[in-house]
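Heads up, the chain below is alone and in the form predicted alone; it's given as structure tokens.
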Amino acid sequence: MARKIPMSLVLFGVLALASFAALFWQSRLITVQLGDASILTGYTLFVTILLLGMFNARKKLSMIPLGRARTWLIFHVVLGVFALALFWLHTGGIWPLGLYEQLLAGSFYLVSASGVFGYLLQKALPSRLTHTGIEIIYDRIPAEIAEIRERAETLVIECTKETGSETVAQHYVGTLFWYFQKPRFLFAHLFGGDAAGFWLRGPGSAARRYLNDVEKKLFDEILDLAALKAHVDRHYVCQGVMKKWLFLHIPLAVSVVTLAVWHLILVNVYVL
């Protein structure tokens, strides 16, 4: 079944297209009249960049009812595409000639690329986390892993005491201890692979064939904890990437705003 297109996307898209068409027409008209259309497109682009920065401010003020977060995200994405088209209209091409203009253009393209990357992350990773069937706060993940490891080691000790056999303990020390120490198979979790499950069904559970019924029961409980840890590991890497991506995108955005302000000052002092 096809997914319904959000009404806000249609509305913002139509407004963006209409605005760009109006700016394009007006800039051509100014050029025909031997005027400088870059003043109109430049100031409009600067205001657009400032509006894009409002998205981060909206996230910091999430406790204030300023509209749905999804609507703000759509607004941010549409405005970003509008800014890119407006940038090309303002510069008259994809890559400007002057060194300072190239620095500004490079920063603008980098923040645009990081924005596209972040949008793809926001679309792909949350659904991947939903499939784990658990919810966990990112800051709680190290403590959660430590708790799972402690429960697993308690089961190992219980198995050794109850059966008098050290097979499970030896397997834990030689194989499973590595897995329970910290998040593992990060790239597989990030890209949707099942390397953790494959490892648990292979080397992780290799000792099971040598266990008696009592040992198997306790060992299966350990493997259940290992499977739970795989879900926690997926939250660790996916939530971490979604959080750390902002440490790239926001500084790039700040650099674009800073360069744009300086560019505006230079234009007003030496050109206008």
Partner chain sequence: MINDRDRFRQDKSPYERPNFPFRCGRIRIWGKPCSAGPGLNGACGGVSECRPFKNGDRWECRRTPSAGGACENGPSPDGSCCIQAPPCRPKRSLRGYRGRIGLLAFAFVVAIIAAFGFHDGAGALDTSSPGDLSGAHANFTQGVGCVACHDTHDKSASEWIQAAWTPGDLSENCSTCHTFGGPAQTPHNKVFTGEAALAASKTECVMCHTEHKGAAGEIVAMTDQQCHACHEKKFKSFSNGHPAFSKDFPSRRRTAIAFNHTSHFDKHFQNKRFVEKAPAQRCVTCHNAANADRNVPVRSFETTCAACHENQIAERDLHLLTFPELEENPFDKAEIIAACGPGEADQEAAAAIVEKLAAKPIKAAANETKLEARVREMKEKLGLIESPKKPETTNQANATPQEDEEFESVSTETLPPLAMMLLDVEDGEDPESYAEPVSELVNAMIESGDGAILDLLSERTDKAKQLLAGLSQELVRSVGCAWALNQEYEALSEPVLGGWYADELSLKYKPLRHGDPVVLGWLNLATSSDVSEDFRDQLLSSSEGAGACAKCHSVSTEKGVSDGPRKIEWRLGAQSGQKHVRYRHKPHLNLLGPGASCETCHKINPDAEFSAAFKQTDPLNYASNFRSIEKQTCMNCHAESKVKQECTLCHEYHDEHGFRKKMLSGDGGSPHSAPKMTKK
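Residue numbers count along the first chain shown, from 1. Quick caveat: nothing in here was measured; it's all calculated off a predicted structure.
Keep in mind that the form predicted together with the partner chain is not shown, yet the notes after this line are about it.
Review point. Can you pick the stretch from 119-127, 160-168, 146-154, 75-83 whose heavy atoms fall within 4.5 Å of the partner chain in the model of the complex?
Key: Partner-contacting stretch among the options: 146-154.
Check your understanding: Even though the partner chain is not shown here, does it sit in the model of the complex so that Gly106, Phe191 and Ala227 each have a heavy atom within 4.5 Å?
Key -> Contact check failed for every one of Gly106, Phe191 and Ala227.
Check your understanding: Does Tyr236 make contact with the partner chain in the model of the complex, using a 4.5 Å heavy atom cut-off?
Key -> Output for Tyr236 is yes: heavy atoms within 4.5 Å of the partner chain.
Review point. Taking the shortest heavy atom distance, is Leu266 within 4.5 Å of the partner chain in the model of the complex?
Key: So Leu266 counts as contacting the partner chain.
Practice item. Consider Val254 of the chain shown here, and say whether it contacts the partner chain in the model of the complex, taking contact as heavy atoms within 4.5 Å. Key: Answer yes; at least one heavy atom of Val254 falls within 4.5 Å of the partner chain in the model of the complex.
Practice item. Indicate whether Gly98 is a 4.5 Å heavy atom neighbour of the partner chain in the model of the complex. Key: Yes, Gly98 sits close enough to the partner chain in the model of the complex that at least one of its heavy atoms falls within 4.5 Å.
Point to revise | Proximity to the partner chain in the model of the complex, single hit among Val214, Met54, Val47, Val32 (heavy atom within 4.5 Å) | key: Looking at Val214, Met54, Val47, Val32 one by one, just Val32 meets the 4.5 Å heavy-atom criterion.
Review point. What residues, if any, in 228-258 have a non-hydrogen atom within 4.5 angstroms of the partner chain in the model of the complex?
Key: Sequence-ordered list: Leu228, Val232, Tyr236, Lys243, Lys244, Leu246, Phe247, Ile250, Pro251, Val254, Ser255, Thr258.
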